[in-house]
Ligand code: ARG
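Just the one chain here, the form predicted alone, laid out as structure tokens.
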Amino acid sequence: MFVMKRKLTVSFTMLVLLGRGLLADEGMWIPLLLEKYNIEEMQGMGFRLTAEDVYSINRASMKDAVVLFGGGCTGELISDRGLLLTNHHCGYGRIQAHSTLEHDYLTHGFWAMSPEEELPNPGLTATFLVRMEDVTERMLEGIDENTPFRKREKILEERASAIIDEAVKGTHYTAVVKPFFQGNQYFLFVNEVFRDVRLVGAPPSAIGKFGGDTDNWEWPRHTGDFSLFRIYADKNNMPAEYSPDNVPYQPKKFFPVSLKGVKPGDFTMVFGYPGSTARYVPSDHIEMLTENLYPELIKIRSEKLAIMNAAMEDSPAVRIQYAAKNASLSNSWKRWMGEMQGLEKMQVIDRKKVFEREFSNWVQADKQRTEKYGRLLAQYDSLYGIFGKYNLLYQYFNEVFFRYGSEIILFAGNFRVLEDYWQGDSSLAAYDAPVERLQQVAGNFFDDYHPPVDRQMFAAVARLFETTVEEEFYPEVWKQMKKKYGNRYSEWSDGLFEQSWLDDASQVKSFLAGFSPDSVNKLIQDPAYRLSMDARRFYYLRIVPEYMRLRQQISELDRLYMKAQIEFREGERLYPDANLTLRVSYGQVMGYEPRDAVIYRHYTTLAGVMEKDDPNVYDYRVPEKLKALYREKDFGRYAENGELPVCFLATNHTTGGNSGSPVINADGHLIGINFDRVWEGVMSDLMFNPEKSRNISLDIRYVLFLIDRYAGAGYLIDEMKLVE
């Protein structure tokens, strides 16, 4: 499905204008295909290894040192004892889960000084890619444009299942078949999943999250964004559930750690699991995001974050409870703002439309192409006019009622299982398992829940829901509340929380401990539960079906449009959108100019951390020990010319999921950990700007300094293979 790059004679300006060409720094490439499409260019940029060194199934290669960390980050192995490095923000939820007021690891950091002190993390996984294989022919044989959608999906599902069964038969591996190029290509991924992953070390948030939301997506950056875990295996070095008898995993490959540093022009490679991009969408998609969806989502999250931030500033306990929730909300919130700004500055909608006019001319020049692709853009225009409305409803219901909304409404939804049993099997024994699960859910929920925050949150989202969503999309219970309280949203919230018992940990505990089928009557009368169930029913009956119907139609157009673009752009080298599979991106260390008369160099130092120090702001309170090390210039062997490097910039194409990815130099040595992108290039999920798209990485020398000089955990350094 990849097509080779032809020599282009048009100017660079036209390449950018039309979006037709790719610079070396753009792209998220499939490691299996590096030999065919990328290695010559990589070596021309300074890479001194081979494609086989990056990806091989015949011998140990870099892929064997890279893991999918949990469900959405990347990690890398840095010792022969399973020591794993990822971002602090990737390990944040686990660090928070182990934190209490007595042992506040978020504030003070955590360092296991022996294997016995390493902390287990139930449910956390580290997934290695064993091999990948192009299975396009097997998946698409006999399927053409006339195959009905549902039949096509059924065939693809059956074939994927057969391919997976064949691939893992007789092994302990797992596998998945994933579509590329919007379903025009398919790859099989065979994986090995380790389930005993323990926390080894993390700096305090004042280092690992230094700058907080203010510095997120920004440069200059001074964040020590790393955490350390260790993979454990059974005595045969095989994956196993947690057991005290497990031993550190011995990997096939781990990265040597370089002390050489970086300079402008150095080759860099990011190897990881980018989550999602949308490089080939039509202009209608960009218009929907920037004119319809993002402004409303930014507005509602701004209010939520303001409420959380105020409460977290007032109370250390609340800060611990809401740290991970706040980070989850704020990351996308700020990215959306950056995307809107970047897309506008690059005039992406206009550029897409120029490309679409050229594409249309190409289509119209051939009768067969006209029959196949002639109505594509008009169909997009028609569908997005309706889909934009339902996409906003789909996202907004999540913001108000479900994942990002009022916590009590989300929590109440867990109790539906009791009503389901009550309407079916009402014997007391039938409730044993769901009640036990609910006790666990409730324990986790109330550990990180503060009712006053939720009460304020509900009042805020109720007001925004009323001003954003048309009345025909109000759930029935919502209409009843509106009739009772009008526009007095604080009274909405007060009434809900005063009448509900689901925000009270002791009442929930008592309800579950003394549960009987008659208890369901108390549940179904609770206003939070009633609103949760009503909103859920409305959502799944009125919004989700239409959203999915329209999304399906757009997906079908996406597949056809992608196929047409591949034909139209024959001779160019195209990369598939990210889909949380292992990818390679490569570029060079380089600063940038964000705006007129502003020039950013490619690195930051510890001096910049001290310049930002502000004891009155939680995210900028530099720990005293770090200040002392700075004053004494006690940098060990990790400094360069008397300065301790902290972060650096490069031109690698990255996105969410690349968090924690190893940044590798020309010799295959670890020089940094990818953790962010600059504000001016955050729209690279939709269009890459070679002048301003930069990935931000933590310099590995700062990591080593913090482990060694700050934490005093030099035994971890001894595990690593350092390259002077």
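Just count from 1 along the sequence shown to find any residue number. Quick caveat, the model's predicted, so the values are computed rather than measured.
Absent from the display: the form predicted in complex with arginine (ARG). The rest refers to it.
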Though only this chain appears here, would Asp699 touch arginine (ARG) in the predicted complex if you measure heavy atom gaps against 4.5 Å? no
Answer yes if any heavy atom of His89 is within 4.5 Å of a heavy atom of arginine (ARG) in the predicted complex; otherwise answer no. yes
So in the predicted complex, does Lys209 come within 4.5 Å of arginine (ARG), heavy atom to heavy atom? yes
With the partner left out of view, is Asn216 within 4.5 angstroms of arginine (ARG) in the predicted complex by any non-hydrogen atom? yes
Each of Ala327, Ser659 and Asp676 within 4.5 Å of arginine (ARG) in the predicted complex, by any heavy atom, yes or no? yes
Sort through 150 to 158, 643 to 651, 327 to 335, 375 to 383 and report the only stretch with a non-hydrogen atom within 4.5 Å of arginine (ARG) in the predicted complex. 327 to 335
